[in-house]
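Okay, so we've got the same protein chain twice, two forms, each given alone as structure tokens, structure 1 and structure 2.
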Structure 1
């Protein structure tokens, strides 16, 4: 059993972003006396080159499939069993595709440490119950624990290479926010804390829709002026959407790393931008390109565009968000990419 006075961190998820975060957390826990030195990372077991992925990670200290050529600290232990991963953990880092959250939470109910708190690095929203539902709220309601969020201008491969960047923790309990800050902040990964969970989280989800629009513009070779206009319009709709559906979202949150900075990064270097550009250039579907280009990772922007559209239709507000609507129509209704600009 872990010393009751120590925090024990585990990661639920092990894609490229989860592995990049594991590198930071693995180093940080050894710097604080009140943190247990072992960091378990839940890995969905796969066979890679004839071997179990967990065995490869634990012997080579590298996620050879999702984050190759990046060494992980030896105290990061890959575990294929979810319940074993969270055993005794007090700080849970959720970093899985948002469509898998419900199933994971179902398995975790009643199985967590009495002092467990979570932080979500998951970018997306849930619309299954009608209306918009934050992923952090989904985790909180299913597991009855406090949930913070972390979002920012953070392309996983660049974070893994230790290129300087910033990120933002949104929390309602500052003590919990600070506990996660100790585990996540580093000289090259500078983390700020704000008391605006909804604002931080919605920026993290909606920026992927903006990136789809930016990638379409890149595919059409419409130039930097048009791309800048698309980004500006997208940010305005992101702000309007957030403040329409969640009262209390703060204007200043959009100037944190989770806001404008994350939009810029994603619109120039993220997977959503790349796949949207390829959609225009090749004419292939987003679903096909996800399989061909992302090595098992998930494309969040198209799914979020669909979920946003469901919310807007339910409120009869489609015409109030022409950019989000146009991106949805390109992704799901066959709107020609070249008509994106004409529809906003």
Structure 2
């Protein structure tokens, strides 16, 4: 029986990031009296080694397919049915690939607890209607609930190993931000809260454009000074872009984990940096390298650079964002990589 006054957390998604987060949330809810101790996790059912993935997770307490060798708390329960997952849930953690958000919201419409609030851990933006739309706005518009976001320097495999890191919740309603903070913060996963959804969420998307720039200067072997300059200029344009097109984006957000820290991890590791470096070294197109190097995955940085450029063109602001524009031109207009820094 669910105590009506308790918060009940569920996870919508169970990939490697979702499973790493499930480990944290599963532990946290047992520490707070006013949190229901069961955490349901929606798993898109599939057969793994002849068994249902949900059965495997619920008996072995391990997501053997997407986060192998990491034990999940036993109070995390894999559920194949979406509506059963969200039943009685007051705190919904969205951690699915962004292309599935709309379909999931369609199914959830009108089916949520009256006190339901959401947090999106989905990095990236929705570009399906043209222009950039925040995933948090997509969820909010479809479900008519308050939506916070969580972003940061959080490579899932390292979080699963319990290596110390930080993360940032962006919220509009501080009480909701704090309710999610209780479910997500831990000694090894240190979460800060800022009153800024758009600023935090856009960091998760725009950082990939910066990483393309960083990969280009890596490929050119221009050294540490140049790379640090590119990263700094990229952060400044990310901030300017967000503050130009969204209200209430705070300067301080960029000094949080979602800002400077996530940009650093993305510019020193990650596939956007890697493919951009290969573009310079091999001379192959981004399209070709995407196919050769990414095993079916899409390169977020080039796509985001394109969407950003369309917005800037539409507002006649291309020259106000020379770095974003130069990255776009290297990706799509054949600007030689060597000319990147001359254009910023």
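Please read these numbers as outputs of a predicted model, since none were measured by experiment. Numbering follows the first chain given and starts at 1. Under this definition, the rigid core comprises the largest set of C-alpha atoms superposing within 1.5 Å between the forms.
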Worksheet item: For this pair of chain forms, which number matches the form predicted together with another copy of the chain?
Response: 2
Worksheet item: Is there a C-alpha shift of 2 Å or more at residue 225 between the two structures once the rigid core is superposed?
Response: yes
Worksheet item: For residue 31, is the CA shift between the two structures at least 2 Å following rigid-core superposition?
Response: no
Fill in: Whole-degree rotation of one rigid part against the other between the two structures
19
Fill in: Core-fitted comparison between the two structures - CA shift at residue 266, Å
2.4
Discussion item. After superposing on the rigid core, how much does the Cα of residue 299 shift between the two structures, in Å?
Written reply: 5.9
